[in-house]
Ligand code: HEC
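Given as structure tokens, the chain that follows is alone and in the form predicted alone.
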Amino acid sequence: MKYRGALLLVLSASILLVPSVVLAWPWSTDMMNQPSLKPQETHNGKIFSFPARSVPTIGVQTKVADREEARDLQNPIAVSAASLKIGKRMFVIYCSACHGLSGKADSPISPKIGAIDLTTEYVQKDLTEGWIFGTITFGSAIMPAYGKPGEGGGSNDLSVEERWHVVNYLRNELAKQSAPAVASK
């Protein structure tokens, strides 16, 4: 009887010390290896729709190869006080070091790197919002990319939505804030 207890103790200890034995039990299945149906997948000739109460996603085209391909993208984020606030915060964090807080390329390093004035008519009226989004995403000659994770350059910290908020701020608020005050008569 006393050997039986010792044997049981040794056997229990050996099972616990060998994790591969413990992990091989049936309860160790992975969630990704379960039966599932994916939306738009066919089964018996029928396409399944999204399940009830599923989380919707917003479809915004962001898979573009370069700035030129981004030129015709439409901004999916409506201009609102909330969007302008987010855009301003992102602009101050990421853009103002080179373009200045006013956007007029008036930071101490602007002349050294050739940063452009973002309040000019060319930027405000001639460039499309898609082009500006593409420039933020892919960068330009000296400007780093702020939207291509894993491909180097830039901080890569701006999400697609944050980049569109910056476009909203740049096009709808930046020039107004940096315009000289008109003296009242």
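In this text, residue numbers run from 1 along the sequence as written. Since the structure is predicted, the reported quantities are computational estimates derived from the model, not experimental observations.
Only in words, not in the display: the form predicted in complex with the named molecule, which the text now covers.
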property: Partner contact for S140 in the model of the complex: the named molecule, 4.5 angstroms, heavy atom; result: yes
property: Contact flag, I132 vs the named molecule in the model of the complex, heavy atom cut 4.5 Å; result: yes
property: 4.5 angstroms heavy atom contact with the named molecule in the model of the complex for L101; result: no
property: Proximity of A115 to the named molecule in the model of the complex, heavy atoms at 4.5 Å; result: yes
property: Interface residues of 76-95 toward the named molecule, as seen in the model of the complex [heavy atoms, 4.5 Å]; result: Y94, C95
